[in-house]
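Taking the form predicted on its own, here's one chain by itself in structure tokens.
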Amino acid sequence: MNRTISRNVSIISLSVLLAATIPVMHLNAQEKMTADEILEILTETMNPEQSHGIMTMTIVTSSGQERTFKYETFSKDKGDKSLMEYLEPQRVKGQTILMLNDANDIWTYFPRTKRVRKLATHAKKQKVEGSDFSYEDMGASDAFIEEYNARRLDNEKKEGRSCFKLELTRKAESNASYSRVMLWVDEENFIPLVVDYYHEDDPELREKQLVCHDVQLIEDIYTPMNCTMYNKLDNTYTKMEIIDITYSVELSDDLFTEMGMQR
């Protein structure tokens, strides 16, 4: 499987061309970009048309104990449909999670009982396998556009990179889990390098922080190979690492069904 990263190819090509031939114009164009425009490119970057990968998730407790899971992932329609199947450890091997409609619809399949269970709507806020990622965090991603109002702040450096800084405030009609989100987006590849999530009921209480690094260009798509979610309230964190990934794959819609979960 070839490694890949996700991004609108035409946008990448334009950015590279401008940077290489007309740097002043490129900088001026970036300075004039609105928060909504940056968020639109970020969403395209982080949501490829389809993908197939192998990942690990390591949960580290406040006492330093670790639990590691390995799973296979499938994604289609820019993340609107996603399926995770656990490969390790043995006790969860074969268990699958299906998320549709931006993780608003979630099903789980348990191979020991051969039963599929649909989770309640509020389950999207629950932790995945006790990790610091909720189902909503791992779901798809026009959520930032649909659920929040965006405002651009002064650019800042994060993780040694020049970044756009955005503040997202939850819309009145939204049922998103976070009242406010702060984003630091790499100016070059539009990958969110740092994301601060604020408590559902308190926009001043930082609940979690996501840090992404080791960004690689795979199949013309920028992909953060390592991401860590820090839970600032529980003093725990969860590391996710992409072992292998490809975006050049054809996935059947039948995979993203109750029958597909039991394949």
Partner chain sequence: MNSTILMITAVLLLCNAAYAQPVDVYGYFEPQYSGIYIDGSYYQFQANKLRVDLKSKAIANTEFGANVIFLLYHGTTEWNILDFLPGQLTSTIPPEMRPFYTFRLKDTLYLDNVYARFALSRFAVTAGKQQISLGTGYFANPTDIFNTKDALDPTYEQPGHNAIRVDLQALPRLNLMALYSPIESDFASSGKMVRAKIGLGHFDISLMGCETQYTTTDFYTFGQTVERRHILGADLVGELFGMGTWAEGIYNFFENSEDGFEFLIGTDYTFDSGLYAMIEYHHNSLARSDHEDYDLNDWMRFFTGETKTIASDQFYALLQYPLTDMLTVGSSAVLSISDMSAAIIPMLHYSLFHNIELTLMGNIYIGEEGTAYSSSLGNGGFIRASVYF
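Positions refer to the first chain, counted from 1. Computed from a predicted structure; not experimentally measured.
Missing here is the form predicted together with its partner chain; even so, the following discussion is about that form.
Tyr86 within 4.5 Å of its partner chain in the predicted complex, heavy atoms: Looking in the predicted complex, residue contacts with its partner chain do not include Tyr86, since no heavy atom lies within 4.5 Å.
Distance check, Ser162 to its partner chain in the predicted complex, heavy atom within 4.5 Å: No, Ser162 is distant from the partner.
4.5 Å heavy atom contact, Thr34 and its partner chain in the predicted complex: Answer no; every heavy atom of Thr34 is more than 4.5 Å from its partner chain in the predicted complex.
Gln216 within 4.5 Å of its partner chain in the predicted complex, heavy atoms: No - in the predicted complex, heavy atoms of Gln216 and its partner chain never come within 4.5 Å of each other.
Answer range among 151-159, 72-80, 183-191, 117-125 for contact with its partner chain, defined in the predicted complex as heavy atoms within 4.5 Å: Of the stretches listed, the one contacting the partner is 117-125.
Residues in 77-96 with any heavy atom within 4.5 Å of its partner chain in the predicted complex: Result: Pro89, Gln90, Arg91, Lys93.
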